[in-house]
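First, one chain by itself: the form predicted alone, in structure tokens.
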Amino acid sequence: MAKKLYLENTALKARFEAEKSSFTGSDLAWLNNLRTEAMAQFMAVGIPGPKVEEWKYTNLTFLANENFTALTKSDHKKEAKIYFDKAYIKEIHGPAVVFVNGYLDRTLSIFEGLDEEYFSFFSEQPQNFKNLLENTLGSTSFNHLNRALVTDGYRLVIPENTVLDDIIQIIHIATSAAHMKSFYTRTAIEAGKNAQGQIMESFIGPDHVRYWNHMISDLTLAEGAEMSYVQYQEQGLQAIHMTELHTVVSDAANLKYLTFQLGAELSRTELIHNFVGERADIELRGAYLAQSQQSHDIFTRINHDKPNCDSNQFFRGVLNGGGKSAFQGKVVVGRDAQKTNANQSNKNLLLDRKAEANAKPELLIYADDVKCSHGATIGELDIDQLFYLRARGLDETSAKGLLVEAFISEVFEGWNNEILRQKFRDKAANWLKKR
């Protein structure tokens, strides 16, 4: 049965055997053994096919026939500085950690104003990631592939009662050297008791290059911790972009998460969250804009296993031409999770009859005293509104852009940084002109 659900790519196995001696930490026996075991676990399962429920809206058949090779540090190009200048938000005035083609680049990174002891990097201290990589609980086939081929990553530990006032920018850059290559990063963020932090993670790359970027992140919030986390994706239009965020939220902790998906030919964002304490709160917000040949997939699962916790999901999508999207949101309320509040909203705007939006909200409730809701809508632009703007001198593209901005801006309202709110609104307004 598994053979019908999953696809094989023997080239990945061959590539692993040929290149494993050049991987980070190849001189460490425990890491070599871990990589070998992880690749065997991936090959035993394979690439999710269209019959796998979680991937039903995203066809990965092409991955079975493509041969992406490994990137090395020698593949870095001078153009990385150009992309850094495009991605780095100077108005935020904070530190920046830069990865180029999957590897830390200290020449571009800015640690000023941040205790560098908070950070460790896989390429420099792989032993700090040993427990993280050895944990296979709930791992999927792509989790195993990431563990086998991990290139680099970061671990950020915020001590208890520490408040980081500045936003930390994490910038992932792909260059022309990444053509037909892949890179896999692994990250971990740990906020101690009553700690507070802000992360802005950006992904950027060239349009004319085909590459595959896969990142898995683990976020742990201790009692009373607060985290604001933004992921902005503007990869090249031939790129494959996949990220997973696994979150553990303790008593009275708070997570505010925002994703904004603009680039890549195919993007997949997985958000898996677990409440392990009471009186905690999770807020997920997201916007995705897709033109012809683009596909954005958002998959969320929130496990309410503790009472008196709140979760809110608020996602908006705009699709043009042959653009495609999928939102799969699942909330599971356990038997002991009384006094749960869980809300979910997904709305999509189609600018063209060729566009496709898929929505699959789910609620699984096993407790009695809860308040849960979900809703999903798909509609077209209001012709009267478009006519009104055209009648006042706007060309069709500008008029549509203004309506797109108004529709998407709901996602950014209430976010705690005005600079990011305005930049994202501008991106939405000018999206049709640039793409």
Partner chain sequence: MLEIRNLHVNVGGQEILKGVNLTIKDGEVHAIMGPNGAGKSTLSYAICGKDGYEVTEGSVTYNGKDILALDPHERAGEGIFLGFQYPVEIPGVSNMNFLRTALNSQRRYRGEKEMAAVDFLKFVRACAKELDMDPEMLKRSVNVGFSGGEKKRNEMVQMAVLNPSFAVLDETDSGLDIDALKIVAEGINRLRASNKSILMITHYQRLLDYVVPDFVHVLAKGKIVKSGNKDLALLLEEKGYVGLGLEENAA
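Nothing here was measured: the structure is a model prediction, and the numbers come from that model. Positions refer to the first chain, counted from 1.
Unshown form predicted together with its partner chain; subsequent notes refer to it.
Checking 369-377, 390-398, 41-49, 54-62 against its partner chain in the model of the complex, the stretch whose residues place heavy atoms within 4.5 Å of it is 390-398. Its partner chain is not drawn, but in the model of the complex it has no heavy atom within 4.5 Å of residue 28. Remark: residue 427 does not count among the residues lining its partner chain in the model of the complex, judged by a heavy atom distance of 4.5 Å or less. A residue is said to contact a partner when one of its heavy atoms sits within 4.5 Å of a partner heavy atom; residue 403 meets this definition for its partner chain in the model of the complex.
Looking at residue 385, you'd find a heavy atom of it within 4.5 angstroms of its partner chain in the model of the complex.
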